[in-house]
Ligand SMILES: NC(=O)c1ccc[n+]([C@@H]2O[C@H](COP(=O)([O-])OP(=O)(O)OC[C@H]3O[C@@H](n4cnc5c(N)ncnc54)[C@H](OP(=O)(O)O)[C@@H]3O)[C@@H](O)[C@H]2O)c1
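One chain follows as structure tokens, the form predicted alone.
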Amino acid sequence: MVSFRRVFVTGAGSGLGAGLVGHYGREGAHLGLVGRREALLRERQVECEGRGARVEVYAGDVADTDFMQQSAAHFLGAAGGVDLVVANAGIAIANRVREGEVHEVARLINVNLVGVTNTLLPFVPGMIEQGRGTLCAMSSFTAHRGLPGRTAYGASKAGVTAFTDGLRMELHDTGVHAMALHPGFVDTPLTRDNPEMIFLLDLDHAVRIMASAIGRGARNHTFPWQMNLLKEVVKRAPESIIRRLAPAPRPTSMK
């Protein structure tokens, strides 16, 4: 398993991002934490520094390309390089397709997909120069098949998976690895208003699974195992079955 000391994480204030920060934020680590809510980032900073890690905090929006480029450049200078970048920041929105809502969809695509490219690409030249590194993006089970009620969210996550697949092949001879994680339902603020969460994982269990997949250099890892099996069914099922079995649309937006 690879040891990651210099780690940059977006969406680091809560949920999966905070869980990964807690996992990697140990003695000798140097972390870069990105999120919109500085107070939460400072809480993570105090926790990690209490365990002997160094922490840089970048409060801002992953959809802001200039901000992300500046944050990446600062972290590379402060840490002397980077071993792992996790593009985790994401939002979910209420399903309002039939009402023709476009503004929330545009915002979702900008955060969930453009935010990933903004996060990963600034680190590519430095990783190539050092001859190693892992670029990891948070996709979703919904990337495997378009689902009613998750139209925009699933599209954004399918884009994330396609991007990391292509990036991995572009970087195949550089020592740099690109991958995507595809979680099912994990008990985080992003999922707590969902009434139909099957095979629900607690955060600590999910973090152990993700860290293991990152450490062994997985390409695309869907978890838990039940969702990994279910994805094969979902990809092949006729639309009439998908329409009946898809989870209820999200009632609220989570940003």
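Since we're looking at a predicted model, the values are computed, not measured. We number the residues from 1 along the sequence you see.
Below, we refer to the form predicted in complex with the named molecule, which is not included among the displayed structures.
Practice task
Decide whether Arg107 counts as a contact residue for the named molecule in the predicted complex under a heavy atom distance cut-off of 4.5 Å.
Solution key: Output for Arg107 is yes: heavy atoms within 4.5 Å of the named molecule.
Problem - Contact of Gly11 with the named molecule in the predicted complex (heavy atom, 4.5 Å) - result: Flag for Gly11 set to yes.
Handout entry: Interface membership of Arg216, the named molecule in the predicted complex, 4.5 Å heavy atom rule
Key = Looking in the predicted complex, residue contacts with the named molecule do not include Arg216, since no heavy atom lies within 4.5 Å.
Problem - Exercise: Ala89 in contact with the named molecule in the predicted complex, heavy atom 4.5 Å - result: Flag for Ala89 set to yes.
Exercise for the section: Please pick, from Gly154, Pro122, Gly133, Gly184, the one residue with any non-hydrogen atom lying within 4.5 angstroms of the named molecule in the predicted complex. Expected result: Contact with the named molecule in the predicted complex is made by Gly184 alone.
Practice task
Specify the contacting stretch among 134-142, 98-106, 73-81, 161-169, defined as having any heavy atom within 4.5 Å of the named molecule in the predicted complex.
Solution key: Result for this chain: 134-142.
Problem - Residues in 55-77 with any heavy atom within 4.5 Å of the named molecule in the predicted complex - result: Going through 55-77 in order - heavy atoms within 4.5 Å of the named molecule in the predicted complex - the hits are Gly60, Asp61, Val62.
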